[in-house]
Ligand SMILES: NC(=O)c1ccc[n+]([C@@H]2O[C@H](COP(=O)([O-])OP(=O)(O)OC[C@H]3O[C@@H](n4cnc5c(N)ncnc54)[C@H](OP(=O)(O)O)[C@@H]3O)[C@@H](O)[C@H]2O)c1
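Just one chain is shown here, as structure tokens, and it is the form predicted on its own.
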């Protein structure tokens, strides 16, 4: 695993090798965008479309105002904007409905919860799903909600997330999609 940073020389305390963004993109099988959503597209442009082409990009970013009260993409989503700017890069939006501690340790919660996937490329979603499983998200917790336009719902949840966090006094929580029990048909005779 190689971490990319805008200031790799300042990031020696992360326990993993850190390189420039361009070097990281050149070696990556999968890229993760965990940058502030207000600068993500510009930052990815600095790497360049050719370097990103064909490499799945998992986007966990959300663009919020400095005071966390407004979305920077109110009629769209960061995931959609990245996909539009880099059409040859399959983008999958996930993990943006929770805080970072839950992203990497979902078993630390009191009960099951749901992680969402949005994207247009089926293979990139399968790859993302395998990586989510490695993080502790079993397939039963993963919910594919459709194409990249559904990333809007995930990102817009950020405003509700902030309200829930205020109500709980903690950012360490997640949601669980609960469905109605399936009704079995009577056996055929």
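Since this is a predicted model, take the numbers as computed values, not measurements. Residue numbers count along the first chain shown, from 1.
Keep in mind that the form predicted in complex with the ligand is missing from the display, and what follows is about it.
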Original post:
Pick from 46-54, 144-152, 28-36, 128-136: which stretch has non-hydrogen atoms within 4.5 Å of the ligand in the predicted bound form?
Top reply: 28-36
Original post:
Taking heavy atoms and a 4.5 Å cut-off, does residue 117 contact the ligand in the predicted bound form?
Top reply: no
**OP:** Please run the contact check for residue 7 against the ligand in the predicted bound form: heavy atoms, 4.5 angstroms, yes or no?
**Re:** yes
Subject >> 4.5 angstroms heavy atom contact with the ligand in the predicted bound form for residue 100 >> reply: yes
Original post:
Do residue 82 and the ligand come within 4.5 Å of each other in the predicted bound form, heavy atoms counted?
Top reply: no
**OP:** Note that the ligand is not shown here; using its position in the predicted bound form, name the residues of 54-72 with a heavy atom within 4.5 Å of it, in sequence order.
**Re:** 60, 61, 62
